Every structure is written in C-alpha cells, then in structure tokens.
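Below, in structure tokens: the form predicted on its own, a single chain.
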Amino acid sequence: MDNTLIRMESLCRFYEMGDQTVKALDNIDLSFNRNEYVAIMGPSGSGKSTLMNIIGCLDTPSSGTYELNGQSVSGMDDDELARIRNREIGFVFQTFNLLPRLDCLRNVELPLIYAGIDAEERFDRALDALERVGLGDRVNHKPSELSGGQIQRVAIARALINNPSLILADEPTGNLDTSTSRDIMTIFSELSEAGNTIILITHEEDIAQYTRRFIRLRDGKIESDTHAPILE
C-alpha cells in the first residue's frame, strides 16, 4: 500500500499585483507520508501561508499538481474543495475560531453537523474528542469561561472529530504563553504518537523542535527539508 498522503509536483502559485506577477510558490515538489509530524517554517513572505492554504484546500495552485489521499485536488471547484476540507482535514488556528455563544460540546460537534451525522453520534464523538484533550469536565463551558490553553484544546478536539487524514495547525501557540504552549505541543506529540498526520506552520524554532521533519521556505522555494535525528 502506498503510504503517501500528500504529493505535490511542480506546484506554483502566482498572484497578479498591478503589472507585476508575484511568485508566492515557485515550482514546489513535496510529499508527506501518513503519520508524519512536520513543521513548515520561513520568514514573512516566504510562502508558508500560501502553502498551508493549498494543503488545506483553501486555495488552488496556479499550475502543477496536488494530490491528497489519492485524490487530485488541483482542479476541484469550491464545493468539491469544501467537501474535501470537511472530510479529510482538521484545522487548528492561532485565533481558535470558536463560536462564543456555543459551549465546548457544540463547538466540537460543528463539523459533524455539516457532515449530516445524527445527534446521538455527534454527542458521543464530541465527548470522546474532548476527553482526548483533557477537557471531559468542561463540555458545558463556553469559550469565555475557559483559559487560552483550554480554548485551543477545544479547537484541537474539533479538528479531531471527523478522524481526518491530516491535522493542519497554523501557528497554534501564537496567542499562548510559554507554559501553555508546551502543554499544547505535548498534546500534538501525543496525537502524532497515536498515528495522526500533523503539519504545523510556525515561525518559532522551539515549537518546531517538537516535530520530526523541518521544511524551510524562502522566496517561494524550499530552502531545506531535514528530518530530526533518530534517538537510540
């Protein structure tokens, strides 16, 4: 069985700005296997946000190919991309993106509502996801009643709810203090050990060190692609 989850070949993303063409991604060749734990890094303007948007099916390449879990994503329309996002990808954002009027359980349930899952199964799966991130005793709390770290745990639980092929985390510790950041990264490490594929977008070296592969972008190109040493 092919263990490749993501394959990108000759992938480019250009933007027209006035009479200039900006090459946000310039001829990228990348692949990710299942159960990889990867950090994508780079300075502002390096292309990492554009790459994240394409990996997350929030944008499409100008040219080249992108395959996710054996499906060619490059030419999909908006409706097809939305279905892929809901089925294949769990998102964790720096700004959490929870609905303030809903409690933790309802926030975590949201992707299942979009997927048409019945209420009893939604409840069971949302409760299980919250327990996985240590919030089984906070199911009825609203975001305003939680700490920043707890809110991000809810967001991680929501990302897990559909058993996605990929968890895509964009600066997930950007709004958290150092101690809370360590707690959140410990959760990601545990999820990786449990078999989840995780791609982390970060500009923080200490956060990247939790992962096992480091991809650095500069000027829309891959500057380096290295793996963490295997400890004996």
Partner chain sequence: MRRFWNETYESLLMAFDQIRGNKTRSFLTALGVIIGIVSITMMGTAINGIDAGFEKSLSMLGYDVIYVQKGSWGSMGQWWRFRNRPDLKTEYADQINRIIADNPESGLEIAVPQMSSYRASVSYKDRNLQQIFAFGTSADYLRTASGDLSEGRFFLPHESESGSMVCLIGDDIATGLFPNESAIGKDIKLKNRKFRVIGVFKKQGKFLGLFSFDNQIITPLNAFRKVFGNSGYVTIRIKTKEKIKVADAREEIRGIMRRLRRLPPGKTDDFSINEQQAFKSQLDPIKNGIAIAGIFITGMSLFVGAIGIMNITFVSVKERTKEIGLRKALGARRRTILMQFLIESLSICLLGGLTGLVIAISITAAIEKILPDFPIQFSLLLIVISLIVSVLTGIVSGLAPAISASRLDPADSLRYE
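Bear in mind the structure is a predicted one, so any value in this text is a computation, not a measurement. Residue numbers count along the first chain shown, from 1.
We do not show the form predicted together with the partner chain, though everything after this point is about it.
Enquirer: Looking at 116-124, 68-76, 146-154, 131-139, which lies within 4.5 angstroms of the partner chain in the predicted complex, counting heavy atoms?
Expert: Among the candidates, contact is made by 116-124.
Enquirer: Name the residue from 31, 53, 35, 165 that puts a heavy atom within 4.5 Å of the partner chain in the predicted complex.
Expert: By the 4.5 Å heavy-atom cutoff, the listed residue in contact is 53.
Enquirer: Does every residue of 58, 111 and 158 put a non-hydrogen atom within 4.5 angstroms of the partner chain in the predicted complex?
Expert: Result yes, every residue of the spot touches the partner chain.
Enquirer: Which residues within 65-89 place at least one heavy atom within 4.5 Å of the partner chain in the predicted complex?
Expert: The stretch touches the partner through 78, 79, 82, 85, 86.
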